[in-house]
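Considered here are two forms of the same protein chain, supplied as structure tokens in two stand-alone entries, structure 1 and structure 2.
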Structure 1
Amino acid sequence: MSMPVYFEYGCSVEIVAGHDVLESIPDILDRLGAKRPLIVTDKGVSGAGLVDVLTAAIGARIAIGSIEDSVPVDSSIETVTDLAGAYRQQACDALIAVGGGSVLDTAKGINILVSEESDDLKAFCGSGTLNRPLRPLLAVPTTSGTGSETTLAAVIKDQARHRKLTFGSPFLIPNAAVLDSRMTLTLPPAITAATAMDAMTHAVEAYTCLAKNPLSDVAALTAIKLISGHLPRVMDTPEDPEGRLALALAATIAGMAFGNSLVGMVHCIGHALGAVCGVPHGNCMAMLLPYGLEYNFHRNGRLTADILAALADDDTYARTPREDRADAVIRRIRELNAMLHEACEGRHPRFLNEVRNARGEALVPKEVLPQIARAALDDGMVLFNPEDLDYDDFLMILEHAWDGRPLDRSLVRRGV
């Protein structure tokens, strides 16, 4: 067994996962010394009745200060400041974020303002600006993908200046993540598929890219096994609580893996594709993951091969000739995407040319590929990718991914 020359690993979030764990929220808050939480969420979540599920589970055991469901798709300074006002007005003493990444980021922002007794969020931008514990924060994810319930970062938009502010501190990590199968039971198929593939990509990149370590490796393989073992069944039977719980747990575990060992080129291109064309992150991941593995094949094919046991099973691994295992992994990920495409009646795109908006228009016209390639160059995660990439490499990959051709590996230039 090999250890990297230097590595770090940690995830201080208490994880509580199960079919009826929302009921433990009052106990967790009590342990943290809180009595009156503010629930932060968005209209989608409250409209789906999930806040009702939560409040019913909490019952009268704890007084909820207020329920605020005004978080927009991209959280902003204004939203954070408004909700911090609501927190103070209702004399709250803790936060429960019910939703996805934007809701949690908003809650982290509110927590900074109310704990530091400030109205100037920008003053806490960057890292090292916080140096003591904040108010208790609980995360209740309603999708199974981002893994943001395990991370120490928050991204909040400064509308006035059209830029994104990043906050990073160990004090921003939620105290607990409560993963309850009821919160994802009604997630629509296309979002289930896309978010699961985001989690899958976190795990696969954590295992195959440069900043891996022995702990993130085990976490990554655990997540891959949970996703590949349960995603097909959940697509078949969406209200399968076992499967939903497995996917929620997998997303959190994948979050722990990549939170410690970072990701690679799939995320570089994915971030760029999201920024330039507005393609949902999970869709970007699903479409690009096979290309990341193909491009890096000569560097990390041996690691990609390991994944076969988790993605399929031990027997398939053992029966596949050693030299074919990495190819089998790539083929299986494409097959998984094809299955998801069918299960979502076409709303899970397999390649860029297939991405459409609600009106059926192409979201990624071929002309924008150079712009995406340029944006990808600016993404820091390229540092952790096994093989180097420049503009031409990104463009070459995007051209293949545009019409779904497997990557012509003879075009990959091998760096030294």
Structure 2
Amino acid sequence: MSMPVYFEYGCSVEIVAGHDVLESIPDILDRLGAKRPLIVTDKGVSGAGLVDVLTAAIGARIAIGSIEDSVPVDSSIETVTDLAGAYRQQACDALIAVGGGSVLDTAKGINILVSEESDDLKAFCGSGTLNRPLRPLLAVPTTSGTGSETTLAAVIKDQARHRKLTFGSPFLIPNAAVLDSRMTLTLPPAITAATAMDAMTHAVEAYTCLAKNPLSDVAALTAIKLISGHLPRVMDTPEDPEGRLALALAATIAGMAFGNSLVGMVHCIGHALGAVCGVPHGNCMAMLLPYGLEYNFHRNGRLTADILAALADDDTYARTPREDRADAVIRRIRELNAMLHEACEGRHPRFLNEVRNARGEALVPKEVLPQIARAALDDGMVLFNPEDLDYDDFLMILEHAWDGRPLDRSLVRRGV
């Protein structure tokens, strides 16, 4: 392994994981000097009874300021502003985010506004705009995908401009991540699949893109191994607490990886696809991951080949010739998506033309692909992709991903 000339790695989150760890929340808040948290969640989580599980575990030791469950599927500036108002009105002094990536990112946005005493979230967009610690924030994930509980980033949609805004600062990292298997036991199959593939993509891009380092590599490969070993098992037996906890840990560990190494073109296109068409982020990652590996093949195929050791068993890795291992990884990811597509009765799309809303309507018409390609150009993660990309490259990838055609590697421009 060639060592980088310089790298930084940090993970300041207190991670508490197990089958009955929600009960530790009052002690964590007490150490942080907080007494009146705002619980932020969404209607799916509250409707599934998971907030009740949380509040029962906390008991009477903490006075909950308010429970707000209005977070949408895609976090928005308007939602963040409204919930910051609820925080102030209820005189809260901390946040507990109970949910998936949208909820966690919303809580980070709320924390910016209440800590900075502002109503203009866009003023803090980008990196370097926050220069002091924020209010206490605890993350309680109810999906096993985003890794937002360990990262310094938040992605929040600007509805008016159909753009996703990125916020980055070490001060956005939650104070603690509480991983309790009870919080993911009722996760539906399609969401289980999408969020697990989100975590898989975080880990794969962390390992294969430009800002990787030896510590992020260890985390990335560990996450891939946990997902590949437990996702099929959880799809067969959703109520398996050991498998659920393994996937939750995988998402958090993948967050530790990409939170330090960042990601690449799969996320560039995924962010644009979500902003323009409203496709759930995990679905975007699952569909686009094979294309990211194919597009970057000539640049980092040797790194993709390494992943086979974590994605498959030892015998398969040993039997596969070195020159075939990268292709074997891409093939296995496509096979995993196909298995999930079948297990979810078609609700885990493999290609862009399979994405449907609840009414069965296509979410990604082919004529919108140029708009997505243009939006992807503005994503900062393009800087960390191994191969250069321009508008034509993004459009070519999208056209292949739309109907499921493998990428013709001879069409990839080899930038210098």
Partner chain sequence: MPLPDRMQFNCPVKLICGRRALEHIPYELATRNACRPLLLSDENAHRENRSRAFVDALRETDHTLGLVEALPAKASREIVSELAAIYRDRDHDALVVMGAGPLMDMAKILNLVVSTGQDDPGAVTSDMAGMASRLKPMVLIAPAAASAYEASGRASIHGADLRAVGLMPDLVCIDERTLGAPGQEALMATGITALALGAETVMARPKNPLGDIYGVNAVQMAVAALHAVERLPDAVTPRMHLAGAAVMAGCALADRAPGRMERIARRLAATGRTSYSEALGILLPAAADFGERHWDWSPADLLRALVGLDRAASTPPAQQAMSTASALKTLVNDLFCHTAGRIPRVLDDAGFTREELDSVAASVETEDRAIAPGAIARLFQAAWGVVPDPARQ
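Counting starts at 1 and follows the sequence of structure 1. Rigid core: the largest C-alpha set superposing within 1.5 Å between the two forms. Here the structure is a predicted model, which means the values were calculated and not measured.
Structure 2 derives from the form predicted alone, whereas structure 1 comes from the other one. A movement of the C-alpha atom of Gly278 falling short of 2 angstroms is seen between the two structures when the two forms are aligned on their rigid core. Tyr291: CA moves less than 2 Å between the two structures after rigid-core fitting. Core-superposed comparison between the two structures: the Cα of Asp119 travels 2 Å or more.
Core-based superposition between the two structures puts the Cα shift at Ala153 at 3.3 Å. Fit the two forms on the rigid core and the C-alpha of Ile64 turns out 4.1 Å off between the two structures.
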